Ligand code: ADP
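Before any questions on how it binds or moves, here is one chain, the form predicted alone, in structure tokens.
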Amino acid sequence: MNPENDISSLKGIGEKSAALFHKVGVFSIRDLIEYFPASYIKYPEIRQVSEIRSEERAALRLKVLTEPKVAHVRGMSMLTFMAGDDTGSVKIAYFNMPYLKKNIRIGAEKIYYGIVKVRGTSYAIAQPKTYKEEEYSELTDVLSPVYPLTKGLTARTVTKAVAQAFSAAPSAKDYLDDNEREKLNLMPLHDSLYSMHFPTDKEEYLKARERVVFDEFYRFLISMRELKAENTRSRNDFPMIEVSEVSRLIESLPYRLTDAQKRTYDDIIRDMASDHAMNRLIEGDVGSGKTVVALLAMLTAVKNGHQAALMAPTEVLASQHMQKISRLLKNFDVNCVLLTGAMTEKQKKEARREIADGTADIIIGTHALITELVEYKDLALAVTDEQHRFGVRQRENLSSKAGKGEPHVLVISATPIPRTLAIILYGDLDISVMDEKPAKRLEIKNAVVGTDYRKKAYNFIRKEVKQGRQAYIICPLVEPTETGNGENVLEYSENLMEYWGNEVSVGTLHGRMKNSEKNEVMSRFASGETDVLVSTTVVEVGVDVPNATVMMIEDAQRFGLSQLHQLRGRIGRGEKQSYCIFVDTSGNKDASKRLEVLKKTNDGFEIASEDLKLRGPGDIFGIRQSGEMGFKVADIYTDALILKKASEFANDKDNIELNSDSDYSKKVTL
């Protein structure tokens, strides 16, 4: 069976199941093979009731002691009964599952698996999973995958489909030969893909992960080098000179440019006047003024008689750029045009007309800027914002729209990366580092706290809201998972609504929402209609809400320091004092020590260097840390050594072209 076949070609995957897989981004058998678990469960040995501590995840062999009863509490049904062993009894509770009552019989014995809560001499488990003895004994022998799910898609369905995909599709053909694998100390490709889903132990998982990470980095680097080779051959089709309007704009700004901003603009002007097309990355910390420098470059292009385009990763951010840039350029005779997918067909048609006939000077938008329908009259400068949210190919697509020649390319990234890694990762780009912040910005006050601080934090947030300000609360998960580890957005927001009542309005945002829903939620928050936004890390992308002064990050120990710093960058964007509260739920001294780095400094480059030193391979029984640059598994900090290994191997193989159809890993996000 071809790995490109639709997911519905697998036995047992009908139209409804296929639609659920589509919701999580799985369309083909290849997608399914690359749909790696978010974490793993090591099921514990069966124990007795008297041995269990509170909040411990446990497996208990229990007999049903009482008849199940169904009650209704706050709009929910609650089924409860007692079960026990020779050492004690446990109250079992299931919410909104009254149909289980008919299957529960006094004297029936099963294995109950879940989180036990102990209050005095009373034990309770909510929503436990149940197993027959032989079923559970099989689970204790392996690491069980925990997949990101959506409503209606069960772990059993995914696991079964993945196993079937490996049986049905041919073995992945490895682009590394035996000698190369031995030299690199890497697993065979097919074995690594299988072991990512079904590792027998932690050691096997780590070896499998190393191979998958190597492949992601290697293919990324090869693409970068191909792009670099193309770009070094690109002559400057749009030579430009400095224009007086830029000096006027700088003088009209309500603040003075930093030395870093001036240096970076000098780099850009030098590039655009040289013999070759500019291909430059502006790497700067959050709030360092990268967008203003990009605006100076765009104004230069326009006043040299050309068009400039700015591509942002979200519609909300594109709209914000449009408002800010239009306001700053209102006295400069520059026509700014917005183009996003959310606009009406009539609006899009008009925008495309202005772009094609040259009426539009600066074009701001999302992926809509690179669709086939868009034709530019004279695109000389292509700016992409938040590089790690876009791929190399998307940058190329925007560049290819110039028509008359190769446009200058400017990439903006708010991900501070140690220079040694940046040189490897951005092999196709010259780099300008902006390491200063505008003088008016107040330093964010930081606190690392335990779970017992939550009530104080909620009261502090309520106080800020009453003073007319707003707050973010970040959770690592969208909804409850099988592991039960980590706060989730859906339950957390419900609990806050109940806690604050009508005093504070709460919004909910996560990556599984439709783009239109996300844009609406973010727009309400940006306009001040919502006081507190409970969100996953989707807010990491640079939306500017100057009125937001508090961020509270739950399970902070589960994120990398650099990602936490990116999240923190959503606040401190106005003139009011801002506060970031990192909630460490682990009780682990090493985790708290790592988070103290964020308490000591707001310097993203210093944090990135510390992250490189301190971050380990993560907790496979917890939540996989989000990687930078859009990689599925790889993380530039955790996996810095593998990145260097892949870079060295790419240097050796620079002139060898890979057969892109030869393995399952070809679809690395680039």
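The numbering used is simple: start at 1 and walk along the sequence shown. Here the structure is a predicted model, which is why all the values come from computation and not from measurement.
Below, we refer to the form predicted in complex with the ligand, which is not included among the displayed structures.
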Give me the residue from Thr291, Asn236, Thr130, Ser586 that has a heavy atom within 4.5 Å of the ligand in the predicted complex. Thr291
Give me the residue from Leu533, Leu310, Ala161, Val286 that has a heavy atom within 4.5 Å of the ligand in the predicted complex. Val286
Answer yes if any heavy atom of Tyr255 is within 4.5 Å of a heavy atom of the ligand in the predicted complex; otherwise answer no. yes
With the cut-off set at 4.5 Å between non-hydrogen atoms, does Pro546 touch the ligand in the predicted complex? yes
Whether Arg441 contacts the ligand in the predicted complex should be assessed with a 4.5 Å heavy atom distance threshold; does it? yes
Do Gln261 and the ligand come within 4.5 Å of each other in the predicted complex, heavy atoms counted? yes
Partner absent here, but in the predicted complex, which of 108 to 116, 138 to 146, 278 to 286, 374 to 382 has residues with a heavy atom within 4.5 Å of the ligand? 278 to 286
Does any residue in 562 to 588 get within 4.5 Å of the ligand in the predicted complex, counting heavy atoms only, and if so which ones? Arg573
